[in-house]
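Take a look at this single chain, the form predicted on its own, given in structure tokens.
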Amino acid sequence: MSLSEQQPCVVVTGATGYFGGYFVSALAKHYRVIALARSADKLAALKAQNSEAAQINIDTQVCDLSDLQASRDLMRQLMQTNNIIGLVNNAFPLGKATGFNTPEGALNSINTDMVSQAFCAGALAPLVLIQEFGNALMQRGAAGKIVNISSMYASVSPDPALYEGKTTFNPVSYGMTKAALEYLTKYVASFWGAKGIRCNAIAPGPFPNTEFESENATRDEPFLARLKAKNCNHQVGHPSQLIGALTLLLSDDAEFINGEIIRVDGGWTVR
């Protein structure tokens, strides 16, 4: 069976994170999904959580995006053996290693290792995966869709008032990396659009993880109330509210959407 005869496939990075789990479950209804994450145990749990029908459409691969050469090699191998038509760059290490919620991550003290780790997983790894994805498709004369998961903090800075009296905060490494990812989105669209490769980004607003334990999870009700009060909708988002934009950008209905940053933020960035 040739690659073009296989079921269309989408690669999702950061598949076991707060967004990633919802992305994989939703996309598995329409595509075969290759879920990438660092933990084999979490990938196995992700597969087990999905319905029996969805499990048929979910494959998993352990991948540490901080190892750029290994990530490149894996993506090249996947492109050679699967009919991959979509790539979702969702992964980002939200933890102390990149400056989140630790005094060392504050603006006056954040070190270059934290920023480098953020850039490696959040900007350099997407570049590497995009290169392998695009080069393989263009060599075959096939079309493809890339969706990068950005953030409202690519275009606006966090409000310091949100974090007054709190030990949690969003470090500069995050917004710097997401701004780079948005530029990469536009650059890929500009240079590869005529070759059949569409590249867009989704920029979520306040989507605090309140569902499972992680380094960046929160159940701080006063903090959540501050987030809601600052937003036009007076709400915070849930990952299920990103699925519409994601499925649209991966579909043929978005054929004339290229290089766009779709903000799903409840109006956070309009004022």
Ligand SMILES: NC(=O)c1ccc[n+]([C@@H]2O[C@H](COP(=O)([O-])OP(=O)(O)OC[C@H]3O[C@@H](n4cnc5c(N)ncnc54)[C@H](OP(=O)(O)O)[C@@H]3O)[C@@H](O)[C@H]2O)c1
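All of these numbers come straight from a predicted model, not from anything done at the bench. Residue numbers run from 1 along the displayed sequence.
Beyond the structure shown, there is the form predicted in complex with the ligand, which is absent from this document and is the topic of what follows.
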Only one of 75 to 83, 188 to 196, 133 to 141, 173 to 181 has residues with a heavy atom within 4.5 Å of the ligand in the predicted bound form, and that stretch is 173 to 181
Given that the partner is absent here, does I34 sit within 4.5 Å of the ligand in the predicted bound form, heavy atoms only?
no
In the predicted bound form, is there a heavy atom of the ligand that lies within 4.5 Å of any heavy atom of G105, even though the partner is absent here?
no
Using heavy atoms and a 4.5 Å limit, would one call N50 a contact residue for the ligand in the predicted bound form?
no
Taking the shortest heavy atom distance, is I146 within 4.5 Å of the ligand in the predicted bound form?
no
Note that the ligand is not shown here; using its position in the predicted bound form, name the residues of 12 to 28 with a heavy atom within 4.5 Å of it, in sequence order.
G14, A15, T16, G17, Y18, F19, G20
